[in-house]
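Next up: a single chain in C-alpha cells, the form predicted on its own.
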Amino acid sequence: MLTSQVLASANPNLQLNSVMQNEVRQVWFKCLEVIRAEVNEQSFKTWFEPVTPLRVSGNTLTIQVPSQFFYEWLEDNYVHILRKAIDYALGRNGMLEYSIVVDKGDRKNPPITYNVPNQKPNISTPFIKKPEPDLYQSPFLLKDLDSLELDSYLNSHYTFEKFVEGDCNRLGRSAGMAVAQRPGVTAFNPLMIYGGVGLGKTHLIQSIGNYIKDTQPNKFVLYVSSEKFTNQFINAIKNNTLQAFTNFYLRVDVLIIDDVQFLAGKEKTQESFFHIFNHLHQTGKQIIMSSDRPPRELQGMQDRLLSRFKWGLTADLQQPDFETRIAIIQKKLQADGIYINDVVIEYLAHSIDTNVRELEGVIVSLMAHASLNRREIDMELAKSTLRNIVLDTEKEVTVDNIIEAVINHFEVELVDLKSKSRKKETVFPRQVAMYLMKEFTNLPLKSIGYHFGGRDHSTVIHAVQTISDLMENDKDVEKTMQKLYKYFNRTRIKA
C-alpha cells in the first residue's frame, strides 16, 4: 500500500493540499495558544475545540463553526480574544472569516455552509475581510445588500388599516398582528395563511411586512412570490451564483413567501428553500407564507418541508359573510369619497358572495360607469353593472331571472311576493321562487330571504322543504316545476 508521502510526491495537487493543510493547522495552533491562556478549560472545550480551521488565503484565516448560534456566541463573547489571537498568528493586518454550517449533510451530501467575515473588529486595526462583490448580491438584480435601504418588494397599499376584519378572517388577522408586533418571537413561526382566490391572503401577509418595516426599520423584510423564488434559483444555477443567492436569503429577518403551493414538484427549489427555512427559523427570524390550501392538502411537496410548515400556526381565510361584505363595500367607497344609498350597498353585498377581489372589482366598475355616464349610482345602475360583469360569463340563472319567471308563470306582482300576505295564491309562488333561488344560486339563506321582504332563514328553509315534498308527492306541482326548469333551459334530475 502506498503511503501518503508517496502519493503526495506522485501527485502535485495532493502535495500542494498537504502544504496548505499544514499551514492552516499551524496558524490555528498559534491562535489556540493565545486563546487557551485567556479562557478557562471548560470554555475552551465548549467553544474552541469544535472549531475547524479550513484555509489561509493571504492574511485571512477561515474557520468553520457548527451553527449560527455558535458563531454569534463567539462574536458576542470572545471577539477581543480572537483579535489578539489573529494578531499573534497573522500579524496586525490579519483577518478572520467564519464558515457557518447550515446543514450537516449525510453520507451522500456534503455539509452546506455559508461564509461571513468577523463583524466586530478592533477599530484601530483591520480585521474584517470584505466580501466578494457578488457574495450577497440580490437575486432581484435591482439592489444588493450594500445599499443603505434594502427593497422589500412590498406594496405599501396593503396595510392592516385597509384590511376589513370579520368572522371569516379574524384568526388570521389577529395572528398576523401578533407576528407584526413581535416577529420571530411568538409561537406563530412560521405563520401560514391559506384560503381560496381573492380572499385577501396577499393583502394580509404584506400588511404584516409593511407594519414591521414601519415600526422596526432595522429589520430586513422581504416579500417574494414562490414563482419569483423559483426563477431566481434557476438563474443562480445557470449563472453559477448559487452561493450568492443563498447568502442573500440567509440574511433576511422576515421572509414572506406568497403562493407557496407553486413550489410543488420542484425538488431542487424545495431543497434550497428547506435549508433557507431551517437557518432562518433556527436563528429566530420570522417566516410568513400563503397558500391556496392547508399544508396537509399540498401535493408534490417534500415531507420534511411540510412538517416544518406545521411548526407554527396555520390560519384560514374564508368567504366573507354578508356583514363583512357590507363593511368591505363601505370601506372602499369611503376611501374613494363616494356615497351610495344603503339599499344599493345591501343589494351588492347580497348579490356577490364569492370573494373580496370580485366584490371590489364590481365596485370599481360601478364607479367607472357612473363617472363615464355622468349619473348617480342607483339600483338600476347596480343591476345593470352586475348583469354585464358578474353574471354573463357563464349565463347563470340570476335572482332577477327567477323572479321574472315566477311572476310571469303565476301572474302575480313583485310587490305581492315581497308582502306579508299569507294567501295561498301568493304564498305558493313565493315558496317556488325561494326554492329556485336555493337550487340555482349560491346565495345563503339569509340573502334569499332578503329578496322577499327581509324574511329570515327559517322561512326559506320551510319554503324549500315544502316545495321539495310537493314535487315528490303532487304531480301538478311536479309539472309546474318542470315548466319553470325549462324556462331556464335546465332539466331537473330526480334523486
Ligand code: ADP
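This structure is a prediction, so every number in the text was calculated from the model and none was measured. When you see a residue number, it is the position in the sequence shown, counting from 1.
There is also a form predicted in complex with adenosine-5'-diphosphate; it is not shown, and the following applies to it.
Peer 1: Within 4.5 Å, heavy atoms only, which of 370, 222, 328, 276 is in contact with adenosine-5'-diphosphate in the predicted complex?
Peer 2: It is 328.
Peer 1: Here the chain is shown alone; which of 256, 280, 402, 356 has a heavy atom within 4.5 Å of adenosine-5'-diphosphate in the predicted complex?
Peer 2: It is 356 that has a heavy atom within 4.5 Å of the partner.
Peer 1: Picking from 232-240, 69-77, 180-188, 164-172, which part of the chain touches adenosine-5'-diphosphate in the predicted complex when contact means heavy atoms within 4.5 Å?
Peer 2: One stretch meets the cut-off, namely 164-172.
Peer 1: When the contact criterion is heavy atoms within 4.5 Å, does residue 203 count as touching adenosine-5'-diphosphate in the predicted complex?
Peer 2: Judged by the heavy-atom cut-off of 4.5 Å, residue 203 is in contact with adenosine-5'-diphosphate in the predicted complex.
Peer 1: Although the partner isn't part of this model, could you tell me whether residue 414 comes within 4.5 Å of adenosine-5'-diphosphate in the predicted complex, counting any heavy atom of the residue?
Peer 2: Close contact is absent here: in the predicted complex, residue 414 is far from adenosine-5'-diphosphate, nothing within 4.5 Å, heavy atoms only.
Peer 1: Even though the partner isn't displayed, in the predicted complex is residue 227 close enough to adenosine-5'-diphosphate, meaning a heavy atom within 4.5 Å?
Peer 2: So residue 227 does not count as contacting adenosine-5'-diphosphate.
Peer 1: Using a 4.5 angstroms cut-off on non-hydrogen atoms, would residue 198 count as touching adenosine-5'-diphosphate in the predicted complex?
Peer 2: Residue 198: contacts adenosine-5'-diphosphate in the predicted complex.
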